[in-house]
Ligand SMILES: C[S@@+](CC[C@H](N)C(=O)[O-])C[C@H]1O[C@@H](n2cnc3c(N)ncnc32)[C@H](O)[C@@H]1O
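What follows is one chain in structure tokens, specifically the form predicted on its own.
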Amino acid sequence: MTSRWTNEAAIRQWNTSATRESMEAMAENGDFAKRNLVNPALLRLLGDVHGRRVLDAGCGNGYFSRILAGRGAQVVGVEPTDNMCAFARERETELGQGVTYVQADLTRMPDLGEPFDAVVCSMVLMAIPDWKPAMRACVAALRPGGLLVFALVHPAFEELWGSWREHGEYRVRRYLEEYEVVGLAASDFHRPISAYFNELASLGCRLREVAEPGLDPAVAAEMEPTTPGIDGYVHLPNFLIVSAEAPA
């Protein structure tokens, strides 16, 4: 359960885990899963961002903000942790892409100026104990009819790699309740898919597409000798990517 968790405590945990070494390793395009599964789906669902005003909500070290800026977007990145926000600003100083980084909790978003054409919230909502205010803030930041795209660890297949490696299949004992999922860097919080979709509906959003990307079998075959269980990503989706339109 998440009752002992506050958003502030979760932010502190992520800040502690964000070492210089880990941020450097993922500074260009994220980790293996983001490069091969999450990023391509996000970019496809966002479409052409050239000249569009885009909010990267929970931008982490800023890697996806930099990708968007490289595609011509006008990007604002919001990140609550000291370490990752400082790293993102440092990279902006080096690269001069015109990305503005704001340190803030998504559940208490400051005034960011004009409404955004699109908001991307990648691998963030499941890491926030009290997450609904963050989704509301993302929708509120959009212009009428603007696009929200968010990515999650798939609630139905959260610990896919470990389960597949151990059992040759995915096993889950509970799905409907809410509970903490302890990770290598920090904790996520399981809640069923319906929680996210029902909140979207309550905010008046129109669902456009749901993507459940699978790993390229050729990539899995190449990695299997050194990464047993990676072929589970070919057969089951470890990530859920959703696009929705804000109320017109």
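Numbers follow the displayed sequence, beginning with 1. As the structure is a computational prediction, the values presented were derived from the model and not from experiment.
The following text describes the form predicted together with the ligand, which does not appear among the structures shown.
- Stretch 121 to 129 is the contacting one of 67 to 75, 89 to 97, 121 to 129, 167 to 175, since its residues have non-hydrogen atoms within 4.5 Å of the ligand in the predicted bound form.
- Against the ligand in the predicted bound form, the set 214, 230 and 238 makes no contact: no member has a heavy atom within 4.5 Å.
- Note on the partner interface in the predicted bound form: the residue among 148, 84, 141, 135 having a heavy atom within 4.5 angstroms of the ligand is 84.
- Put simply, residue 55 is far from the ligand in the predicted bound form: not one heavy atom of it is within 4.5 Å.
- Contact check for residue 11: a non-hydrogen atom falls within 4.5 Å of the ligand in the predicted bound form.
- When contacts are judged by a 4.5 Å heavy atom cut-off, residue 159 does not count as touching the ligand in the predicted bound form.
- Proximity of residue 112 to the ligand in the predicted bound form: non-hydrogen atoms within 4.5 Å are absent; the residue sits far from the partner.
- Taking a 4.5 Å heavy atom cutoff to the ligand in the predicted bound form, the contacting residues in 41 to 61 are 58, 59, 60.
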